[in-house]
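We begin with a single chain expressed as structure tokens, specifically the form predicted alone.
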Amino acid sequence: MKISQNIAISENGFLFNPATGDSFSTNACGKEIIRLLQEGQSQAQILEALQREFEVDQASLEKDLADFLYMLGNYRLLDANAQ
């Protein structure tokens, strides 16, 4: 899964979808998830990287990542064709 290529992403975590005109901002953790998605990292690899970077328990991290990915998909920020 990857962020759609047409999504503009600033260095401070601001996202803009030119297809819809929607814009979003995210915190440091969300920004890191987006960076890892851009690199083509798997969900398991993202979990591992986040656990190293942030102090959070595994269960909370898994739930929060699933929620964040669902939200990205819901707002059509993920590339449906990427694997």
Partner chain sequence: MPLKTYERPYLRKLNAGLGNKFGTRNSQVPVTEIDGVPVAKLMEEYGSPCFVLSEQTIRQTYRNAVRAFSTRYPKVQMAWSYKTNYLNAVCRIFHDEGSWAEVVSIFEYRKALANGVPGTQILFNGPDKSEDDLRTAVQHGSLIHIDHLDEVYLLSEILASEGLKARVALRINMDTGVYPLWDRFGFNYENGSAWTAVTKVMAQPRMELVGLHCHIGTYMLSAQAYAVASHKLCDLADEIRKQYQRRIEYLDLGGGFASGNTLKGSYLQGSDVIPTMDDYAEAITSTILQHPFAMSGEIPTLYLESGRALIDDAGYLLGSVLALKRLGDGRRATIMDFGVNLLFTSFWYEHRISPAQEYSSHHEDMVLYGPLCMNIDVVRENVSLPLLKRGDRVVVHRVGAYNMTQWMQFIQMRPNVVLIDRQGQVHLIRRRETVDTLNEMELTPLHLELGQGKPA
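Predicted model, so just to flag it, every value in this text is computed and none were measured. Rigid core: the largest C-alpha set superposing within 1.5 Å between the two forms. Residue numbers count along the first chain shown, from 1.
Although not depicted, the form predicted together with the partner chain is the subject of the following passage.
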Legend entry - is_contact(L77, the partner chain) in the model of the complex, heavy atom dist at most 4.5 Å: yes
Legend entry - in the model of the complex, L37 touching the partner chain (heavy atom, 4.5 Å): no
Inset, instruction - Please run the contact check for S42 against the partner chain in the model of the complex: heavy atoms, 4.5 angstroms, yes or no? - result: no
Inset, instruction - Verify the contact flag for I46: yes if a non-hydrogen atom of it lies within 4.5 Å of a non-hydrogen atom of the partner chain in the model of the complex, no if not. - result: no
Inset, instruction - State yes or no: after fitting on the rigid core, is the Cα displacement of N74 between this form and the one not shown at least 2 Å? - result: no
Inset, instruction - Note yes or no: does the Cα of S60 move by 2 Å or more between this form and the one not shown after the core is superposed? - result: no
